[in-house]
Each structure stands twice: as structure tokens, then as C-alpha cells.
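One chain follows as C-alpha cells, the form predicted alone.
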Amino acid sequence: MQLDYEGVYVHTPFCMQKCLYCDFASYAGLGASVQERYVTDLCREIRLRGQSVRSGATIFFGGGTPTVLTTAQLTRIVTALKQQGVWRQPAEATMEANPGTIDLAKLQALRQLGFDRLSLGVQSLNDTELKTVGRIHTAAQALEAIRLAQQAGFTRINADVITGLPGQTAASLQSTLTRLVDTGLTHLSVYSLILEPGTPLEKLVAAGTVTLPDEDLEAELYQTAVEFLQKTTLQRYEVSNYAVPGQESLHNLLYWHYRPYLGLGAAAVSFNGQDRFNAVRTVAAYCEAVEQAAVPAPVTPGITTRAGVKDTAAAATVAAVATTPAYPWGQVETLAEQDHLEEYLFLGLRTTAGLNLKEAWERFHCDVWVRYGQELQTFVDQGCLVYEPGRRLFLTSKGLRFGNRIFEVFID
């Protein structure tokens, strides 16, 4: 069943400089004319797809680095969202930013546009660590960005931090966290570095040019972050996220609660409660497809369409008339009921609140413990999981460390 979108994600695939560990759909050095074309086509996509969005739906501008766009370009995008009824008194409107791409004037303009939450890619407050992975900002610039954001009127500010960076120690990580908490931030996201295949960092590590922390140090870094943040006003509410109570990311909670969201832009993903929509990754392919797109018409779920061309041979084998909205700049992926259940379970278990077992039954007619209890009991016995019959299933602090092993139980 298709549902009204409860969140809206807008992707900006541009960066000042590509970080060495990044495998996101983001590109550096494409030039002002490409950015202008992209903004024009993004606004066109908004006009084509701005429908079925709830009043109060969260807004999240991510990337890449959305703040590499000019204030005028960001204003055009927000205006298009408002005109098409996509931006409708959002419960939360977040802008991601690199500390090296903002100043007071831009931050004030973002507040005037209606953004009430800022998410800064700080990653570290150690200049050597930042330089090693190709970040464009310094520790001083990151702290100044937070100060300027507060001056501009942002009271809800997140900082991303990465553990496991080359050269990082428990002491340097604790220094980063201490200084960030001291600024009065309301939210911290602490992620472990993932060495993605094909990234420049992966190649440097393979060549022996860069060395990452070993397994023992990784464990020490993780424990350092957890133990330090336990002593602050920030409370852990998801595997990688901490917030002052009441300041959790409402947009990200939509993902973890498996609610429908609309994705706009190159590489953006949408989920309408039934199907998933995956946009083409490159800027050129996205722009070409959006420019060729006509007024939306039904297409067959599960059939790939690119640049406005439908796979008619495959569609001819389907007798029923589809009801999935047209998606000519990407791929429509129809999910089986088992896919929905699996994603709901492992996403929900990422949160410290855990799975609401009554809701799992209401949404999927699944008694989680009857279906998976035999395998999950091992983790209960190990102190990684707590089962409250008929109420909820949640990870302990120990389980949050090894969550991926538990999530595998749900994957057939």
C-alpha cells in the first residue's frame, strides 16, 4: 500500500573536494554551469513529483555538500518545494554542511529560509587526522562554524564524528568529543570508519601508505566514545547517534521506523511503503533524464526505466496495469513482503528503544519471537539482547557494539 511521504530528502552531489574515504554519489570540480543546470533540473523534478507529502513532513538537504550551492540556488530549491506543497510546515528542516563552506551570512539566510537544524561534517578536531583523510576544514574552522551557527539562531546542531581514522588515538578522540560537547551541541553522530572498496583511502591502505587502527585500537576507540558520552547530557538513541532528550533527528527516525520518504535529486532514494525508487547516480545522466521526462504516467513496478525509455518488452509480460508513479530517471524496485519485514526489523533494532512487538504484528502479522526466538535466544543469553514478551525487543549496550551479528538473524 502506498503511503503519504513523511520525510523529504534532497540530494546535492557536489563537493569542494572529495574525501579519501567517501563512496557517496558526490563529485568535485564540475563547475558552476553544471551546478546551475542541476539546480534547474532538481526544481523540475520537484514540480513533477511534488505530491502525496504530509503536512509536517521532515526536510533533509544532504550530499555531497549542499552548502557549496549559492544562497540563491538554495532559495530556488526551497521555493520550488514550498510552491509544490512538499515543504509544508516541516516538523524539522535539516541542512548538512561542511564547516569550510559556510559563513554567518549563509547561515542567517538558511534560518530565514526555514531550516531549523544544522548537521556539520566535523569528523575530528585534530588537524592531522583531518588532513590525512582529505577534509577541507581545520579544527578551528569547525569550532567557528558551530559558534556562527549559534549566532545565526540555530539551536539544534549536530556534529558528525568518525572513529578509526588514520593516526587517531583514544586521547585524540576524547579531546574531539570533549571540545564538541563543550560547545553546547544538542546532537552527535559517531560513526566507525568503513574502508569502502575503490576509494582513494582503500588504495592507500592497500599500498601500505596509510595505516588504520588495528582491531584492538578500534575497540578502544569505540569504548572511549561510549563511556565518555554516557557522562554527558547526550543520550544514545541509536547505534551511532546521541542527543539531548527531545533533540533526536526526526528525519533519521523515519528511516529507522521504516516510514515512507521522498528522495529528490541524483542518487536519491525514495520509499512509498511499497516500492523503492533509486535515482541514477551521475549528474549528467540525472539531468538528461529529468530534462526529457514528461508528465508522470504509470509504469510497471520492478521495470527499470532510464532517460525516459521504458523496457516495453519486459512490460509486455505483465498483464496487470501498474499503479506505481513514473520514475524515468532511475529504477523502480518492488519489494517482497519478506523484504519489508527484514528491513523493518533490523532498522528498528538499531534504536535503543528497540522493536515494538505489537507494532510488528500489526504491520506485518509477524510474531517476532515465535519466528526468530530460537536464534535470538543465544544473544539474550550472552547479554546482548533483552526480550520483553509481548512488548519489545532491544539491544543492550553490549549488543549495540555487535548489532550486525544480531541483524543477520533476520536476513534469509
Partner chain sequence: MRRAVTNMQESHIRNFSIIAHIDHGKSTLADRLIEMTGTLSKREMEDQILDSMDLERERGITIKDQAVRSIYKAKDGQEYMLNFIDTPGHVDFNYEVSRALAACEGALLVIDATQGIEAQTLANVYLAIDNDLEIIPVINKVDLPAADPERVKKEIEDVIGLDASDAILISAKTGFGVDQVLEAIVKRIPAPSGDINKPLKALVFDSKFDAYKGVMLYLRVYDGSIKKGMRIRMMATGSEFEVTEVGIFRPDLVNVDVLEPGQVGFLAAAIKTVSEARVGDTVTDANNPTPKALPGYRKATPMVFCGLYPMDTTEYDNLRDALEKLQLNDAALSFEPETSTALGFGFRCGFLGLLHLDVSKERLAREYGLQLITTAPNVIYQVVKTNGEVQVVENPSAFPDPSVIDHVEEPFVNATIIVPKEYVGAVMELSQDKRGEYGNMTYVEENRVMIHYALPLSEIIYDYFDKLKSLTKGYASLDYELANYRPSDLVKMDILLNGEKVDALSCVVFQDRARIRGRQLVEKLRGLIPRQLFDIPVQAAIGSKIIAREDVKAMRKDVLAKCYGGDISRKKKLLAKQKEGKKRMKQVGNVELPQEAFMAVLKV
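Predicted, not measured: the structure shown is a model, and the values here were computed from it. Residue numbers count along the first chain shown, from 1.
What comes next is about the form predicted together with its partner chain, which does not appear here.
Contact annotation: of the candidates Val181, Val239, Ala293, Leu143, the single residue with a non-hydrogen atom within 4.5 angstroms of its partner chain in the model of the complex is Val239.
Among Glu248, Glu333, Glu288, Glu202, the residue placing a heavy atom within 4.5 Å of its partner chain in the model of the complex is Glu333.
Just one listed stretch, out of 128 to 136, 336 to 344, 72 to 80, 166 to 174, contacts its partner chain in the model of the complex at the 4.5 Å heavy atom level, and that stretch is 336 to 344. Put simply, Leu3 is far from its partner chain in the model of the complex: not one heavy atom of it is within 4.5 Å. Interface residue remark: Ala219 is counted as part of the site for its partner chain in the model of the complex, having a heavy atom within 4.5 Å. A residue is said to contact a partner when one of its heavy atoms sits within 4.5 Å of a partner heavy atom; Glu196 meets this definition for its partner chain in the model of the complex. When contacts are judged by a 4.5 Å heavy atom cut-off, Gln150 does not count as touching its partner chain in the model of the complex. Interface residues of 254 to 282, taken as those with a heavy atom within 4.5 Å of its partner chain in the model of the complex (partner not displayed): Tyr255, Trp256, Tyr261, Val269, Arg276, in sequence order.
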